[in-house]
Structures are given as C-alpha cells and as structure tokens.
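A single chain comes next, written as structure tokens; it is the form predicted on its own.
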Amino acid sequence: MKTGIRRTALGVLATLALAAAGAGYLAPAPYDRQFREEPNAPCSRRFPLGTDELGRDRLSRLLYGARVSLLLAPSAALLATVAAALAGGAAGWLGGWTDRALMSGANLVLAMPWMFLLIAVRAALPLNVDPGVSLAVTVVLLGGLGWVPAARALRAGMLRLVRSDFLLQARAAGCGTARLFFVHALPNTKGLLAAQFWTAVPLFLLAEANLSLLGLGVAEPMPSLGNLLRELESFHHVRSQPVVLAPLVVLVALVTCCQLAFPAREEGMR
C-alpha cells in the first residue's frame, strides 16, 4: 500500500516536473505577453485558464511559475544542506569552542521565527530589482537561513562518527585531519543529508510561496507559484473565476507528493 502511494506521488511529481520543464513548448504564449484587449478573459480554447487582469495567459504563467518554484526550492535546499554539512559537521568533528560557537549561533537563529526573519531581511533589500536577481536573492535567503535544523542533526551524527572504530583505524593508519573529515567522515552522513534535503524542499516551496504572496519573493513579471497566488486576495475574483485556484492546487500537489514520495526518516550511519 505504501509503495503504491509512493509510486503515485513520484508519478505526479514527475508529470508536474516534465510539464514545468517543457513550459517553452507547452505554454500557449510567453509568460509576460499581455493581450491588452482581453484582460480577465474567461476560459476558452485560446486561453484554457483565461487571462489575468493584465491580459497575460494564466496557463503560460502557471507552467513557467511551476518551473521557477521547482528550480528555486531544490536550489535553496541544496544550499542549506551544504551549509548544514559544513557547519554541523565541523561542530561535531572539532568540538570544543568551535562546537559551542556554531551551535550557539544556530540556536539563536532557531529561536527566531524564521519566516518573519526572512520577511525582515528581504524587505530591507531594494524592491525594484531585476526578476533574475530577485530569484537569486530568494534562493540565498532561504538557503542561508534554513540550514539550522539540518546542522543540528548533522552535528549529532558526526559526534557518533568521531568515536567510530573505522575512523580510529584510519587515524591510526596516518590519515590527516582533512582527509578523515572529507573522505571518511562526511560521506558517511549522505543518508542523513539526503533526508534533510528532501525534508527542506517542500518547506522552501511553502516559504517561497509566502514571500512571493507578500510581494517579497520572485519579482514580476517572472511568475512563481507564490506570486500567482496573489490573485486569491479577492474573494469576489475567486468566486467569479475559480480557475485562479489552479496555482494553489499545483502547490498543494507538489508539497503533498514530496512528503509522500520522500518521507522524512532517520537514516543510520554506515
């Protein structure tokens, strides 16, 4: 039963990812093209999901927005995982004052409401930035502030590895500290790192959606699932055109399928 659910989730994820990757071929029009004569057009053969208030094709923007979000969230998760591997690994490996300093900083960040911290940091930056720059800034912010939980898990795993027999044997054989850490110790945390990565992806999908919904994430005219949700601010608009819920449906499907396809679990050290 669980295997069937996981395969279904993987299939849905693969379908959405392929549709997003093929946006250039599947989209009826460029995501920023405005059909000024047909703003807020209803669903039709020409516009399967209608147009927004600026006359932009919703289906095109949904496909490109899914692509942006599916690039942004894994990139931020990868950045956070690498930072966690270095910070948490160094804390567990070196111990002493390094461990105390790194974990004190991590605990300070963890004690703060990180969504409000993201909003504060992003709001301090210029709002009128190039869409590509806003995408890069959002990735760096999410990855730079989202590494703490993974770092704590990596530190605990590294503390167990430091006392393991195979590292003691490698040290006795004359391996240097850098080789012990990067060649022998860190690769043995790959299961834990993979679990932390896949746990972070849906969290960053939701974080990006929250930031962009507030106008602090990916800048217009580049679409993302987050800034596409801004059409939901008007209940009258939602009631008259339920098709505006499509980005929300895609976002929920992505987050749910990520959770089902890659369930969070504790990975043992090999």
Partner chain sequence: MRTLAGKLAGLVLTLVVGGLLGATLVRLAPGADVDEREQDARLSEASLAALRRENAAPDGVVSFYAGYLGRLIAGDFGKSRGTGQPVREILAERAPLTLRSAGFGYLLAWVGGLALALLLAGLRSSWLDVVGAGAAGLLLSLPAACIGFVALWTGIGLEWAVGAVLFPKIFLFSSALLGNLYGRPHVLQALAKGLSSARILVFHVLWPAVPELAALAGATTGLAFGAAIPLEVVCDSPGLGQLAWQAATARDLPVLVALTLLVTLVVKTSDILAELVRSGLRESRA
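It should be emphasised that the depicted structure is a prediction, and the values quoted were computed from it without experimental measurement. Positions refer to the first chain, counted from 1.
The following text describes the form predicted in complex with its partner chain, which does not appear among the structures shown.
S.K.: Considering L206, V243, L70, A29, which brings a non-hydrogen atom within 4.5 Å of its partner chain in the model of the complex?
M.R.: Partner contact (heavy atom, 4.5 Å) among the options: L206.
S.K.: Counting heavy atoms only and using a 4.5 Å cut-off, do V82, V140 and L159 all touch its partner chain in the model of the complex?
M.R.: Per the other structure, none of V82, V140 and L159 touch its partner chain.
S.K.: So, L62 and its partner chain: in the model of the complex, are they within 4.5 Å at any heavy atom pair?
M.R.: It does not: once its partner chain is placed as it appears in the model of the complex, L62 has no heavy atom within 4.5 Å of it.
S.K.: Can any non-hydrogen atom of A136 be found within 4.5 angstroms of its partner chain in the model of the complex?
M.R.: No, A136 sits far enough from its partner chain in the model of the complex that none of its heavy atoms falls within 4.5 Å.
S.K.: Would V255 sit within 4.5 Å of its partner chain in the model of the complex, counting heavy atoms only?
M.R.: Output for V255 is yes: heavy atoms within 4.5 Å of its partner chain.
S.K.: Is there a non-hydrogen atom of A106 within 4.5 angstroms of a non-hydrogen atom of its partner chain in the model of the complex?
M.R.: Result no; A106 lies far from its partner chain in the model of the complex.
S.K.: Which residues within 133-166 place at least one heavy atom within 4.5 Å of its partner chain in the model of the complex?
M.R.: Residues within 4.5 Å: none in this stretch.
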